[in-house]
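Here you get one chain, nothing else, as structure tokens; it is the form predicted alone.
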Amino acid sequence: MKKVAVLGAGSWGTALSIVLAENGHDVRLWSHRAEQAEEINKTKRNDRYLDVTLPDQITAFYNLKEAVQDVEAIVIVVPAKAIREVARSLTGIIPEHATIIHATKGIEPITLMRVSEMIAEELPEYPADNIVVLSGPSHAEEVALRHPTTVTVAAKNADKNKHAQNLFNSDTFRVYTSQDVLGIELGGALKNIIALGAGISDGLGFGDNAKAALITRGLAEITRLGTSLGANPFSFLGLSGVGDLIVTCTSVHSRNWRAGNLLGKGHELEAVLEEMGMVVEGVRTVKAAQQIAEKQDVEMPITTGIYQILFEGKKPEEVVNQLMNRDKREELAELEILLKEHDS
């Protein structure tokens, strides 16, 4: 039995805690709210986020230092905007040899840093190559119900990668490994933008044709941006790329799809976010992706269109017309170029 701290008691942090507990580990689930930690310990429930009873091996903590004491691994599962604060709070209290794993999908606007880069910047004494990212098509609601799920963990340090894989892998939660940290993080973050678009499409009343086109062309522009930054193009064909893209664009469990659906029905962004009551990572990521695309001189028409809807007041119908009337081009030419560049 290994001691593992999970930082973040939302739906995803709770679901990952269940996976770890059922693998026989002693799980310390940290919440930044004392009343939530107390409720979990008293009732073995976290009803605001998941309608399941938690295993006895999960104990909730409010005190961060106590939560991470003597643990073998620290799993960070807080919203991207809270990553820096939580990482900073770990300064001086990380046990020696503990593995840091994060399962947060996002990119920071302005700095344009990925989550692992933010953690590394806030914890300069922790080796950046040891930070592991966990990503893939994995709705918390289904993971908590023990439905079959597959994800990828990625780190430059192969030993840390294998450690994370061994902690989480089970009969219902299969874990693959990768060393393409850049590609795995970008796929997990950028697919939330396309999921917003899929929700908007459904909110406008369009059918499966439109959504299939959006997902396919969305994958093309995610791959364009990712490879321009040095990611392996094949990572975007894997679990954290096309796998996560499919599930996030087609499921009612997806916060990004639900937010987009409301936008497509004419709701204003501020009202949508208030109604959701939970973080919609794609909204923040759109800003960062638009900045990166401009910096890299990479064309991302879907991302640009969604940015215009969210932050420039453009109507969804206008953006659809804008996308459908772009210059004609050959479909596979850009993919062939990307693959040739990668092979060379």
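Position 1 is the first residue in the sequence shown; the rest follow in order. This one's a predicted model, so the numbers in the text were calculated from it and none came from an experiment.
Quick note: we don't show the form predicted together with a small molecule, though the next part is all about it.
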| property | result |
| --- | --- |
| Close approach of A220 to the small molecule in the predicted complex, 4.5 Å, heavy atom | no |
| Close approach of H253 to the small molecule in the predicted complex, 4.5 Å, heavy atom | yes |
| Distance check, H139 to the small molecule in the predicted complex, heavy atom within 4.5 Å | yes |
| V175, heavy atom within 4.5 angstroms of the small molecule in the predicted complex | no |
| Heavy atom within 4.5 Å of the small molecule in the predicted complex - the one residue of M113, V247, V71, L123 that qualifies | V247 |
| One stretch from 205-213, 220-228, 129-137, 177-185 that, in the predicted complex, holds residues within 4.5 Å of the small molecule by heavy atom | 129-137 |
